[in-house]
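Take a look at this one chain, the form predicted alone, written out in structure tokens.
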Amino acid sequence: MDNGWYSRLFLVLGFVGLAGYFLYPSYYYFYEATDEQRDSHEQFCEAMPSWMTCSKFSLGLDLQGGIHLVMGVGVEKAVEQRLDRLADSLDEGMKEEGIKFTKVVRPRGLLEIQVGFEPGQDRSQFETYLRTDFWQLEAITREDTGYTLALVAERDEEVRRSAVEQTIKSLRNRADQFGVTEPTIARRGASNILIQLPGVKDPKRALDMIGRTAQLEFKIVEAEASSIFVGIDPAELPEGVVARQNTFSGPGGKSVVDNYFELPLLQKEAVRKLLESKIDNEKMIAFGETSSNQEGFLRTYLLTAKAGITGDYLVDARVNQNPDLPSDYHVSMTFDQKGARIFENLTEANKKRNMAIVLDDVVSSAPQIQDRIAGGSAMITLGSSGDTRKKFQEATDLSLVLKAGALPAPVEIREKRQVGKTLGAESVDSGKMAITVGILMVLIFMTFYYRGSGLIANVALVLNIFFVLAVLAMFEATLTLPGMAGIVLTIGMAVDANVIIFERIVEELRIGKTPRAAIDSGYGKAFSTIMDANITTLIAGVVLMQYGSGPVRGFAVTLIIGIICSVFTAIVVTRLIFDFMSSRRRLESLSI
């Protein structure tokens, strides 16, 4: 045997060793690991020998159960928040530049900024400042008393696209925090996101964490302006709604009356519609729990439409327990340096007023600001009533989603499917059965039809499956039901290459060549045919992977890996065995 044969032998043995190295963690995970090791990637890696990788392939949603979601992103909210920040910057900038104006507001429900001026005022300085420092805004109306500004079209589109991309990033962080391995989170269309969470054991909690917007806003309560509600005729109020008042000592020691309403939960939208018709666009109506925490009832808050500060500045969120009341849990939050400065200025400017902590459009609490708050710390209380364990879980989940990052825009579930573990297990069993039957039938056929040479092809076939699974594990790929179909198709492709080679060898034997010469000639003539067939299939697989999604992509990945492995085993491994047989002794005949 020449040096070339030994080189090929070491090459094959090397690949077999590498395949075993990458495949062992997957074997351990599915057949040896404990439930704790399967749930925790860190524990699983610790169970592996220090020199061993912990890369493994995972089962997809259709094979182990889980949740499939399509979520829509409310990108208009992201545009509103961007306009809020621009309105703040414009207000501060115009003051610094000495430009006189009467107001800078971002009206509720409108994607615009309104800038007011005195009638007849020269606005050339403002227009110059707008063009040079706020190029992302354009004037959509110009009147004698003011301008209406909106984002330029390109900037508006960028904000919407960025909102979806940031939402995907935040959802991925949350999935990691929740401990979901191999989640699929991808953009679908302009504002939809596909989410697949395989192996989730508590679907309700996963939905609460993944689907929660976690938009945190701090808004000032407009208690003085609530006097406008005094004039509402009780007959206008929906059934079950009761007007209330709360008197407290406000700014400068002045007595302030906060007028609000308590209402049944079912009347929420009717009350919102009624009250919002009484207020201007710079204010909004929000809802929170009643002071008595009466279940099924809410109370109203009149708030500034624009948030004083948002959760974008959060750097940490932790669960704390009230030492005097063990059933009372709260989430302590810390802002970054810039957020701390904004929060300090906000509390400085609104002493003795109430500030509402609004989480996902629900007022969590509205404490009165006694003095300027420096240091950038705030707290969300969860109440002391109810089940203690449930309160702790709620506080923990809230701190996790706040730390993972609030979604830049609200999301809504537009499609939800849950694949049960039983269905997943049935899919795994069906896939295993299909692969096993497919392999056995091919092994039997090859042995029966090509006899000794068929056994050589069978060795290559088994190695091919071994290599495919090892490559999947090496790239930590996710094996899905279509992926298993791709493996079954690969079995056929691998056999096809051997059939082509064997038929060429048979033709060469028929014209009187020796077995050794027939093997050399058979492999030489079959090579181009095998490569043509596999390259065309490989191109189809690449196209499917590039433009397909979900199951189609999974099928394409296993097909591509399978084609590469089958070409290697059909041409290199079987030829190695034939060369070994022919070099050890003089072949008089070939079992084929």
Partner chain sequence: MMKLFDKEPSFDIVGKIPLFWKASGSVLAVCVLLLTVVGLNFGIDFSGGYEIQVKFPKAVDEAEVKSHLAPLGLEGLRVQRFGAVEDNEYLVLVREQGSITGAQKTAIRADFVALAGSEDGLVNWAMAESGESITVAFATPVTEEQVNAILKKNKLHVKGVTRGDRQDRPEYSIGLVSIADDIETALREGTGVASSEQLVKRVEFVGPQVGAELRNDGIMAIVYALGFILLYIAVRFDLAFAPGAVLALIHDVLITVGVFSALGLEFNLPVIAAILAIVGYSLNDTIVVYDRIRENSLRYRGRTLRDLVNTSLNQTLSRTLLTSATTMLVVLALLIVGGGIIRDFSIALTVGVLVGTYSSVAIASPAYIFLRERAEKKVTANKGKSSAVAA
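Here the structure is a predicted model, which means the values were calculated and not measured. Residue numbers count along the first chain shown, from 1.
Unshown form predicted in complex with the partner chain; subsequent notes refer to it.
By the 4.5 Å heavy atom rule, the three marked residues 122, 142 and 471 all fail to count as contacting the partner chain in the model of the complex.
Residue-level contacts in the model of the complex: of 321, 430, 388, 249, one residue has a heavy atom within 4.5 Å of the partner chain, and it is 430. This chain appears without its partner; in the model of the complex, the one residue of 165, 157, 503, 176 with a heavy atom within 4.5 Å of the partner chain is 503.
Contact annotation: the partner chain lies within 4.5 Å of heavy atoms from the stretch 273-281 in the model of the complex, the single such stretch among 273-281, 343-351, 368-376, 125-133.
Heavy atoms of residue 449 reach within 4.5 Å of the partner chain in the model of the complex, making it an interface residue. Taking the partner from elsewhere, residue 240 is found to have every heavy atom lying beyond 4.5 Å of the partner chain in the model of the complex. Mapping the unseen interface onto this chain, residue 555 counts among the residues with a heavy atom inside 4.5 Å of the partner chain in the model of the complex. Taking non-hydrogen atoms only, residue 532 approaches the partner chain to within 4.5 angstroms in the model of the complex. Taking the partner chain as positioned in the model of the complex, none of the residues of 41-66 brings a heavy atom within 4.5 Å of it.
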